[in-house]
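One chain is shown next in C-alpha cells, namely the form predicted alone.
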Amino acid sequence: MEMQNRRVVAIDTGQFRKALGRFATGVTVVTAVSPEGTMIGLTVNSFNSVSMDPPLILWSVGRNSRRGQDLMRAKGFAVNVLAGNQLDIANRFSRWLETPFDGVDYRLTANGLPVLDRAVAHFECEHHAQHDGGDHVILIGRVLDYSLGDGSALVYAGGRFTALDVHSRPNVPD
C-alpha cells in the first residue's frame, strides 16, 4: 500500500532520542569471547524476541562501536537480562574498560560463553543474521540454550533506570 500525501519532518536528534526514551526497555549486557580470546561485554537495551520456532532474538549495536565490532566477530554471544539490583553492572559495561569482567561474578557455559551471575535470564546464541540498520547493525541470534532466574528486571525509560517487578500485577481493570 502506497502512502499518499506523506509528511516528512526534519528530525531533531535530541528530541527524537527523548521521544524514543518514552518507551521502556529492559537492560541487558551482551557478552562473548573475542576471536583473540578476550572476554568482552556491552550494555544493550535494544534486545527483543523475534521467533519461537526457530528460537531467535535480536539486538543492535552502533556501527562504529569497537566492542560491537568484536561482538560481531565472536563465534557466539550471550544476552544477560539484568536484575533490578544490577545497575552497577549496567554502568560498568556501558563504558570502555580494559578489563570489564574484573570484580564481576560470572561463569563460562558449556558453549564457552561468559554469563553474568544473578541476571534474571540468559540467552546463549550463535550468529544467525546481520542486517543494516542505518548507523546500527541489527544482529539476530539463534538461541542455543537459556536460563531463567528470579527477581525483578532492570528497566530503562526517560533517561532513568528502575526495577520492574514482573511478579506483581499492575493495577488495571480486568
Ligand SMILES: Cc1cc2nc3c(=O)[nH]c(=O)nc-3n(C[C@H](O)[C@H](O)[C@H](O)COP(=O)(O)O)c2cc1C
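The structure presented is a predicted model; accordingly, all values stated were derived computationally and were not measured. One rule holds for the numbers: they count along the sequence shown, beginning at 1.
Just so you know, the form predicted together with this ligand exists too; it's not on screen, but the next bit is about it.
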Exercise for the section: Have a look at 113, 116, 44, 125 for me and say which one sits with a heavy atom within 4.5 Å of this ligand in the predicted bound form. Expected result: 44
Exercise for the section: Counting non-hydrogen atoms within 4.5 angstroms of this ligand in the predicted bound form, say which of 65, 130, 51, 48 makes the cut. Expected result: 65
Exercise for the section: From the candidate stretches 53 to 61, 142 to 150, 103 to 111, 116 to 124, select the single one in contact with this ligand in the predicted bound form, where contact means a heavy atom within 4.5 Å. Expected result: 53 to 61
Exercise for the section: Determine whether any heavy atom of residue 23 comes within 4.5 Å of a heavy atom of this ligand in the predicted bound form, and answer yes or no. Expected result: no
Practice task
State yes or no: in the predicted bound form, is some non-hydrogen atom of residue 16 no more than 4.5 angstroms from a non-hydrogen atom of this ligand?
Solution key: no
Handout entry: Partner contact for residue 77 in the predicted bound form: this ligand, 4.5 angstroms, heavy atom
Key = no
Problem - Those residues of 120 to 141 which, in the predicted bound form, come within 4.5 Å of this ligand by heavy atom - result: 136
